[in-house]
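Next up: just one chain, as structure tokens, the form predicted alone.
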Amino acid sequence: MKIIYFDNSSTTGYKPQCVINASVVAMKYLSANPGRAGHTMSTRAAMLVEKTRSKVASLVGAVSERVIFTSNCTEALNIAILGSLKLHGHVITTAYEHNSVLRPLFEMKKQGLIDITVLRPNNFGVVTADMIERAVKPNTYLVAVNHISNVTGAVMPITEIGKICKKHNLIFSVDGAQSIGYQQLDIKEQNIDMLSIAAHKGLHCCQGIGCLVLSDKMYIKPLKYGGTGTESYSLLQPRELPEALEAGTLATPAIAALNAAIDWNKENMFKIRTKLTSLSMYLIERLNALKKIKIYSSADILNGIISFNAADISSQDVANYLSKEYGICVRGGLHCAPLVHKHFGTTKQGMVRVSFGLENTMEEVDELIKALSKIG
């Protein structure tokens, strides 16, 4: 049975050969801890790490030293949120957020450390900058939003929210998991203080590597303590970035893959965006022609993420049916973002999510529609 992969917002199914090759080469020839020794292999690995760090910085308008390598976007978000804690402060976030944001925030709230305001989207499916500003309190210190929702593909007005954060001297944290590689962000122009990146999605890199990018004004308290290769005489964690937040051995093969992925993405971003737009438009058009299909994603936002339900059937049952009977891989359930489902009234049913990638085709969309037409 042919596999049709429509779960690219979880992890892109296509990995460029240059990305694969870079990881393999690093494992074969750079299997040494970068910057932990003075010998040739360690030095070469360190040079690769710093070269990649500079490329990430260039990608989002940052300073190289303020790019922190993490194991994934979840770790980056946890470092950002927990490391910027202000005791008894107030945080503004949205119902669109992933559990990588919600869980650390609500854990701190449970411990009595912070207060939280969760903003629900308006009738147009957007949390506006005005809504953010109206929620600001005297003790507000952090605004945490995602750029693109992993559930519906809704896009937050990052530039306008950034202006509000600058006006009120608030820390602005952006979850870029679904946008980096597809959309341009510049942390200086958009007043972003903490940007979290998932390399295995839009950048088409491997799993196991992410980034936290900090603005010039941000200082983050470490969550991990350990070896850094610098100030080894000290029993305290170094304060200088990036070492302060990079305790332990870095994932050199994954960083090598990211180095290649960024170059590949620069050459192919426009092609990818064009492909996702055309596939999204086609799928929404075909879904609208089916009976008993409810679409939750806006037809005005064509970024490759479309969520829907088929009548009152469980989204997980639909996903299992598509996989077992047709080899079509979609995502069912709550997508690790429970509050957006509460907003749409789909907490029990969940949503069926299709998320496109570069290699998907119109013919594959036709196969999906053919399968859905037989449900119910």
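Numbering starts at 1 and runs along the sequence shown. In this text, all values refer to a predicted model and were calculated from it rather than measured experimentally.
There is another form of the same protein, the form predicted in complex with a further copy of the same chain; it is not shown, and what comes next is about it.
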Under a 4.5 angstroms heavy atom criterion, identify the one residue in Gly208, Gly83, Gly89, Pro157 near a further copy of the same chain in the predicted complex. Gly208
Please tell me which of Thr249, Thr128, Ser215, Ser298 lies within 4.5 Å of a further copy of the same chain in the predicted complex, judged by heavy atoms. Thr249
Verify the flagged residues Ile171, Tyr282 and Asn288 against a further copy of the same chain in the predicted complex: is each one within 4.5 Å by a non-hydrogen atom? no
Tell me which stretch of 91 to 99, 163 to 171, 140 to 148, 264 to 272 has a heavy atom within 4.5 angstroms of a further copy of the same chain in the predicted complex. 91 to 99
Heavy atom to heavy atom, is Val330 within 4.5 Å of a further copy of the same chain in the predicted complex? yes
Going by a heavy atom distance of 4.5 Å, is Asp115 a contact of a further copy of the same chain in the predicted complex? no
With a cut-off of 4.5 Å between heavy atoms, is Leu358 one of the residues that contacts a further copy of the same chain in the predicted complex? no
Decide whether Ala311 counts as a contact residue for a further copy of the same chain in the predicted complex under a heavy atom distance cut-off of 4.5 Å. no
Partner contacts for 41 to 67, taking a further copy of the same chain in the predicted complex and a 4.5 Å heavy atom cut-off: Met41, Arg44
